[in-house]
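First, one chain by itself: the form predicted alone, in structure tokens.
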Amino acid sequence: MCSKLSNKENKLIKNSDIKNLSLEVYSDPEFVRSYAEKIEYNAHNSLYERPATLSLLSNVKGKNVLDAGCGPGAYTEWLLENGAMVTSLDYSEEMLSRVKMKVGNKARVIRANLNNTLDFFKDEEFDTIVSSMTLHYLSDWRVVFNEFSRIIRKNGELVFSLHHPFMDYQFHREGNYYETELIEDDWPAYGIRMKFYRRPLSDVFKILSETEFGFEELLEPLPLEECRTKFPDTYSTLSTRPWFICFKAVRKN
């Protein structure tokens, strides 16, 4: 269940460091261990979001790929297995430690915050950027999308996934759908509450129009058939209500 934070709570967060939203959760070793294990087999990630997001990628063999907000490294591992040269970036040292445990020195691993400019990357350094379930933790999308536009080559692919705005608004209707609002979500499987931003769907297209990216494809995924037998209740939910949403854009100029 989601809840909108009060004005007082929002002010406290803004006055602390919104650039590190939910970092305290993603820096908890026990949470990171549990999260890393669950996303390998669970319904929402392994049988729903991840296959959908990966389906939007072209052949990555020999490509220089940035895994932006890499988490514990599920995408990093897949990209390496499919022949990519991978740079894994995250703001959580605990998450990056899981990446190193998973792939060793096969990937370049960098601790950095996507709320900030990525000055350590060269212009047009990457062929492809993948960002799974990360951008809803960022307060200002103009910074990250402008940086993505700078560091990706012409005709390079940007593939990313987010909470579906319909799902966020379904669980919390008191706020204003058309505004960017900070909300809090119960994650009962982990016993924690996670803070992130809800934005209207139009914001994705608006921000892309301000960059050199051209929108290519939107995917509202359905769960894999395997989910029906392993997680029948979740399969029923994900087959009738959009939970996540995936996008593909290409740098045009």
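Please read all numbers here as calculations on a predicted model, not as lab measurements. The first residue of the shown sequence is 1; numbering continues from there.
Here the subject shifts to the form predicted in complex with a small molecule, a form of this protein not shown in this document.
The small molecule is not shown here, and in the model of the complex it never comes within 4.5 Å of any heavy atom of V103.
The closest non-hydrogen atom of S88 lies beyond 4.5 Å of the small molecule in the model of the complex. With a 4.5 Å cutoff on heavy atoms, L114 counts as touching the small molecule in the model of the complex. Under a 4.5 angstroms non-hydrogen atom cutoff, the small molecule in the model of the complex has K19 among its neighbouring residues. The stretch in contact with the small molecule in the model of the complex, judged by heavy atoms within 4.5 Å, is 128 to 136, chosen from 128 to 136, 79 to 87, 172 to 180, 151 to 159. Every residue in the set Y26, I39 and C70 has a non-hydrogen atom no more than 4.5 Å from the small molecule in the model of the complex. Only one of Y48, Y197, Y35, F213 lies close to the small molecule in the model of the complex, with a heavy atom inside 4.5 Å, and it is Y35.
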